[in-house]
Structures are given as C-alpha cells and as structure tokens.
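Just one chain follows, in the form predicted on its own, and it is written as structure tokens.
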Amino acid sequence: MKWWVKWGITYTLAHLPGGRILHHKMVRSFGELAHLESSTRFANTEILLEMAQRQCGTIEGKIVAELGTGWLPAVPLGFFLAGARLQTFDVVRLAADEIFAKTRDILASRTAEISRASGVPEETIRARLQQIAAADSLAAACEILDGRYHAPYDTTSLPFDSGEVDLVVSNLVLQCIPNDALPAVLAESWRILKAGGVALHRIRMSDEYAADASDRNHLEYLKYPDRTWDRWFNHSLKHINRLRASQFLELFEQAGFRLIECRRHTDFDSIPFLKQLELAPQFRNLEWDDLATVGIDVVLQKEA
C-alpha cells in the first residue's frame, strides 16, 4: 500500500465519529494482525527476555511493569511464561480477546525459543501455558498468572510504591509518546524502579507510514517542521515523536538513568538520501549517523 493511502485512511478515521472503532476493525483485518504468525513481535519478545535474563540473572519472580501493551500482547505473555509478576499498561485498550487467543497459541509453538531466551525450563513454560489455556482474555490470563492488564491507564502515574519494581520494559512504544509527555513517563519509570533496577526499551525511529512502501524513504519524514508534522500526521490514532537516538539518550540521562547498553540499528544506505533532503530545522545540527539510526535497544539502570 502506498504511504499516502495509509496516511489518508488513518487521518480520515481519526477525524470521523466512530473512526476509532472502524480503525480497530481495519487493523484486525489487514496487515500484521491479519498475519500474526509472521509478526516480528514474537522475536522482539525473545530479544527482551534475553536482555532481561542477562541483566537480572533470572526473570522468575521479578516484578515487571510493561509500558504499552499494544494490539498483540506477545511481550506480557512471554514475560508471564518466564515467571515474571507483570503488570502491563496501555493508554487505550487495544488487546482484543481473539488476538490474545491467537498470540497465546503462537507462543505455544515457540516454547523452545522462549526457554532459550529466558533461561526457564521448557516444561515450566508449557505448564504455565496450560494454566491459561481456558482464559478468554488477556485480563483473565494476567489474573491467573499473578499480574494485571491496565487499560486505559495514565502511565505518568503508575500504581506502584517508589522502588517497588525490578524491571520496566517497552517494545516499540517510546517513539509514540508525545515529546511533552515523555519526560514524565520516564520520571515515573525511574520512581517505581528499585535501586539497581533496570529499564529495557526497544525503540523504532522511522516513518511508520512508509513501512514496506516503495515510493517513500522511511526517513523522509525528517523534512517536515514540527508544526506540519503535528498538524497532518499526529492525531488520536497515531503519534510519532520523531526523536533521534541522541535525543532519547539525553532524556534518559535527564530522568536519572545510567546507560548500561545501547545497540544501534543504523541505515547507512539512507545517508546519501538524507544529505540531499531539505531537513527540518530541528534536525540540521545532528550527525548523519544519528539521523540515520532507525532503532535502538537500550538498557538503563537506576543506580543504587
């Protein structure tokens, strides 16, 4: 699908009465949710589990807060299967019951991968899957596995005591939080973490409208001034803040986190394109490899 068709449909639905309901139906009928088996969310879940195991030693019994449950709840279910006591939060309720059931079934076919990523025996993971075999929703599965699904919920005010949480995780979420709200979200994550606790974030920094589009580079969105981008592309159904890697890292430092690890995914092939693009003023003073970084996986720590 051409990028402007995807944008036009989403923009129109965002401004129509009942457009959110229609958008939910469209998302379930086309694209990633219509072909769950090929979704990257399952591999992303295993990446986060491996990162968590490497930092925490074991996930079993850890208190985990997930920011941004999303449509496809692979991450919360994966952490539950690894033994985490997890609560997951979304500003809008997205995890539909039928998508939960399909996600659970796909995870049942990936128990070996989850075991390798988490260090939890495969038979333990299968036993936990059996516990939620009859659950009819994500919320029901969370209750069975000593967790909770909160949606809608304000992620700048989470229901934890200060220093209660071992681990904060998010998968492809922070780039969707408005610039003016992101510092408060990060500050709240810092507050709830124990001293020595860690936050794991996977962040994508490219134009979601241009994903799989042959007629648009996925970094072309850096040409728009903020006023234009916010007026035409950010709305109630989709928000992309366009922050670059260096800007995220600065925000993490300002929130009090120490950077432990940062894996950068840089599209060096797009640097020539960027050099001929008329960049918006807020991007003109950044390094080319920073502009071309399309994803980062970070490990942050609240120092003891």
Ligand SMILES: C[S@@+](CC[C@H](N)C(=O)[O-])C[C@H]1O[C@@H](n2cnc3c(N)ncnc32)[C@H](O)[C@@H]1O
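Owing to the predicted nature of the structure, the values given are computational and were not obtained by experimental measurement. Numbers for residues come from their place in the sequence shown, where the first is 1.
Absent from the display: the form predicted together with the ligand. The rest refers to it.
- This chain appears without its partner; in the model of the complex, the one residue of Arg28, Arg41, His235, His265 with a heavy atom within 4.5 Å of the ligand is Arg41.
- The partner is absent here; in the model of the complex, the one residue of Cys176, Ala187, Ile106, Ala135 having a heavy atom within 4.5 Å of the ligand is Cys176.
- At the 4.5 Å threshold, heavy atoms of Leu72 reach the ligand in the model of the complex.
- Heavy atoms of Ala139 never reach within 4.5 Å of the ligand in the model of the complex, leaving it off the interface.
- Contact annotation for Ser118: none of its heavy atoms lies within 4.5 Å of the ligand in the model of the complex.
- When contacts are judged by a 4.5 Å heavy atom cut-off, Thr155 counts as touching the ligand in the model of the complex.
- You can rule out all but one of 244 to 252, 61 to 69, 273 to 281, 257 to 265: in the model of the complex, only 61 to 69 has residues with a heavy atom within 4.5 Å of the ligand.
- For the partner-free chain shown, Phe89, Asp90, Val91, Val92, Leu94 of 76 to 110 come within 4.5 angstroms of the ligand in the model of the complex, judged by any non-hydrogen atom.
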